[in-house]
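In structure tokens, the next block holds one chain alone, the form predicted on its own.
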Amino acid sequence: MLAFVFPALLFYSVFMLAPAIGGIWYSLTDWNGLNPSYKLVGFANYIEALTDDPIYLKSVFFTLKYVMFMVVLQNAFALLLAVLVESRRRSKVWFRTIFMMPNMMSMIIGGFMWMFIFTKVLPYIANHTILHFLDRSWIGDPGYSFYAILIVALWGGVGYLMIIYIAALQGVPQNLKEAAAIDGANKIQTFWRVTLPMILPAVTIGIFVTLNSSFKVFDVVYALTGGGPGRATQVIALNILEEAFYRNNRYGYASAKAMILFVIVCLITLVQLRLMKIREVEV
């Protein structure tokens, strides 16, 4: 058995565990990424990030805001699409393929595509139709750029969760729905009282996947706004990249920021899994 898993374990250890352990160590140093000599500074990097770096703290709050919107909207839209697709008698495969296709595309490419839509297509539609509200500075205005990021992220991620929810919906016994209908329940009541409790494990997975991907968001923001205008839409991953490569080459400090992100994701994920598991047991 060990012989079968050893290649994968070796690959995981070399390319995942070793860099992670190295990141923990470098977060306690002042290494600049190039100089072979560096000194241990303890938790000074962590203290500076949490108390004396307003740009980083702003990126943390912006990321948390993004995560809250994505967890609610992405799972709600994915579940709605799953229900609508499964309710169709024909062309299910076509709709699954259409909604899944954006997930198969690099979000860097998708971001540049939507950049063209926001800056060229929507203003053109607004100027030639009665939909004048579409003519907005979707990228240059901090108020609208956040919603532009949400639109593109939802476009790219809803399809994947939809497939998870479709699989869960297909596992709900038909006789339970029929029994609810015989008892006088309509379709909405059947969904809330029968279907939704049965697919709670899939909801747990969906929220977990959304939390994990939302906290690590990088490509959508990088392609659309680059963290701008100014740093209004800068997420944690972009801030870490800027600290390590673009600003001062402070690899140790950037590693400390990455470790803080890791702790935040772990704590929130553990709480979410614990609460959802309790809910599943109650149901």
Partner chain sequence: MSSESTNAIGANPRGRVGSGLIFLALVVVAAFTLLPIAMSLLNSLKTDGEILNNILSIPAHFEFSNYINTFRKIKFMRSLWNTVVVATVGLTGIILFGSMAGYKLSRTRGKLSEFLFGLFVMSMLIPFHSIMITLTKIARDLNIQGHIIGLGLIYIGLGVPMAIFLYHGFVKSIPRELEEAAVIDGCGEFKLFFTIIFPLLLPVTATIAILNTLWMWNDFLLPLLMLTDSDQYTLLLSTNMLFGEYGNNDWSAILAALVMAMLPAMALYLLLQKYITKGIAEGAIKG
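All values reported here derive from a predicted model rather than from experimental measurement. Positions refer to the first chain, counted from 1.
From this point on, the text means the form predicted together with its partner chain, which you will not see here.
- Of the candidate stretches 80 to 88, 133 to 141, 67 to 75, 190 to 198, only 80 to 88 has residues whose heavy atoms lie within 4.5 Å of its partner chain in the model of the complex.
- Proximity of Asn186 to its partner chain in the model of the complex falls within the 4.5 Å heavy atom cutoff.
- Contact between Val271 and its partner chain in the model of the complex is not found at the 4.5 Å heavy atom cutoff.
- Taking non-hydrogen atoms only, Ala237 approaches its partner chain to within 4.5 angstroms in the model of the complex.
- Contact annotation for Phe61: none of its heavy atoms lies within 4.5 Å of its partner chain in the model of the complex.
- The candidate spot formed by Pro7, Met113 and Phe218 is fully in contact with its partner chain in the model of the complex: every one of the three has a heavy atom within 4.5 Å.
- Contacts to its partner chain in the model of the complex (heavy atom within 4.5 Å) from stretch 16 to 33: Met16, Leu17, Ala18, Pro19, Ala20, Gly22, Gly23, Tyr26, Trp31, Gly33.
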